[in-house]
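Shown below, as C-alpha cells, is a lone chain in the form predicted alone; questions about how it binds or moves come after it.
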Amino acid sequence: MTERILIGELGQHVGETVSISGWVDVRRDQGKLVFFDFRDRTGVVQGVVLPGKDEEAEALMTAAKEVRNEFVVTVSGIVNQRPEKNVQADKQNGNIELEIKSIEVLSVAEPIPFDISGDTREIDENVRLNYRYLDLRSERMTKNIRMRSEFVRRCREFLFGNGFAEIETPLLTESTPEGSRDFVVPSRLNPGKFYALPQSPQQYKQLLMTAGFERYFQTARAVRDEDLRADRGFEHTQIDIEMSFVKMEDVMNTVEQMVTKTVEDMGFTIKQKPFPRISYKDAMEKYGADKFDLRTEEEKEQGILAYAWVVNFPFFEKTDDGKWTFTHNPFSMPIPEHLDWLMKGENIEQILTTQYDLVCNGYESGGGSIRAHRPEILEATYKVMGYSEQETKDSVGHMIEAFKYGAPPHGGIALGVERNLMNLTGETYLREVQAFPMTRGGQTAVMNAPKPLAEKQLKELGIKVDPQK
C-alpha cells in the first residue's frame, strides 16, 4: 500500500506517483474530463481524470462521475507540474495538478443541508449548530479553530519556558461566591447535596500557591450560569495563571510578554508597546466603559491589536438592598495604601483594589489581581460585605485555615481564550471560535441538551421535578 502523502506536501513530489486521502471539496464534470478539488487538514489540490480507451481508463472515468462533494476518498496519481499559462499563483498548490490513476471511496456523503464552500455566517444558527461537524469543515471555521489551537500552544510554550507548572484542578467542587450563578451537580452518594462546576479555579490556584508551587497555569474550563450574549456563553476556556512572591507589575509584565510574543509570532501587529495603562476612573470618564477600542478605523481594517491595562478598580460596590459586595472577586488585595481602611472597615466606597484587566479592541481579554494571602484580610473583606463569623467560615473557612500555615504573597490572571480569539479573528460572536458552542437559548450543538432525566435517574438522585415548573 502506498504511503499517504499530505496535500500540503505534494509540491515536494512533482513527477512521482502518490496517494492522498481526504474529502472531495469540489467536483467539476466536463464530459470528457472530470476535475476535482481534494482537501485534507493541510490544504487543497486539484486533480483530473483524463479520458482513455482501455477498460481501466473507462472504469476510472465511470467511478469519477459517481463521486460527489464531501465523499471521503483515497486517490492515487501522478503529481504534474502545470504549464506556465495554467499556473494559479494565488492558490495553494496552484502550480501542480494530480493526474488521477485510481479513486477509492472510503465513505459516501449524502447531499449536505447547507453550503459550506463559502462563509456560513448567514446560515440559520440552529441549522449550523445541529450540523456543527459540517459547519466546521468550512474554510473560515477551520481557520478559526486551528488558530485557537495555535494561540493556546504558544501561550503554553511561553509559560513552560518561564518556569510554570501545568496543574489541573477539579471539575466537581463546592459552590462558592465567584460572582455568577453556579451550575450544580447532584450527588447520588449524598442525597440532597450538590457539587458545583467551577466558575474558575480561583481558590484552587491560591491553594497551589500555599502548597509552594509558586508558578502555576492551566487551560481551564469554566462554567457560569449567566445570561448569554454575543461574547459570553455558559462555558468558556481560560489560560489561568498564578504566581508567588509578586506584585502587580510582575504579573502584568509577565502576561504582557506572553501575549506580545504569542500574537506577534502568529503574524499580528500590536498598536502600542508597552501596553498603555489607564485607571478605571479615567476609562469611565473618557470612554464610558472599562473596556474600549483604541484603534482608528484604518487600524481596524488592518487587524491591528490595541491592548491596554485598566487598573485601580473600586473594591466594593453597593447592591440593590444597600449592602456592599465585591466588584470582581472577594479574594483580591486592596492597594497597599488602602489596606488599613479595609482592616478598619472605613471609607469603603474609596477602597481601590489591585485588580488589573487586559482589554483589547473593545473586549475584556483577561482579568486578575494580587490576592489576599493573610486570613485576617480575607475575614475583613467578608465583614465589609456583612457576613457573620460563622457565615464567613461556612463560605471560605478552608481558605482562611490554609492561610494560617504560611501562604506567600501571590497574584495571577485569567485570559479568556475565546475573547482573545475574537480579537485575532475579527469575529464578533463567541460561538465562531468554539468547536461546539450553544445556541442563544442554551441548547447544545449536535446533542439534545438540556433535556429531562429518566424517572430512574431522578429516583437514584433523590430528586423530584415539579411538573408545574
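From a predicted model like this one, the values you see are computed outputs, not experimental measurements. Heads up: residue numbers just count along the shown sequence, starting at 1.
Quick note: we don't show the form predicted in complex with a small molecule, though the next part is all about it.
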item: Location of the small molecule contact in the model of the complex, chosen stretch of 336 to 344, 295 to 303, 92 to 100, 198 to 206 [non-hydrogen atom, 4.5 Å]; value: 198 to 206
item: Interface membership of residue 329, the small molecule in the model of the complex, 4.5 Å heavy atom rule; value: yes
item: Any non-hydrogen atom of residue 218 within 4.5 angstroms of the small molecule in the model of the complex; value: no
item: The small molecule contact at residue 369 in the model of the complex, heavy atom, 4.5 Å; value: yes
item: Residue contact check: residue 412 to the small molecule in the model of the complex, 4.5 Å heavy atom; value: yes
item: Candidate from 154, 393, 132, 224 lying within 4.5 Å of the small molecule in the model of the complex - any heavy atom; value: 224
item: Option touching the small molecule, based on a heavy atom within 4.5 Å in the model of the complex, out of 144, 238, 353, 365; value: 238
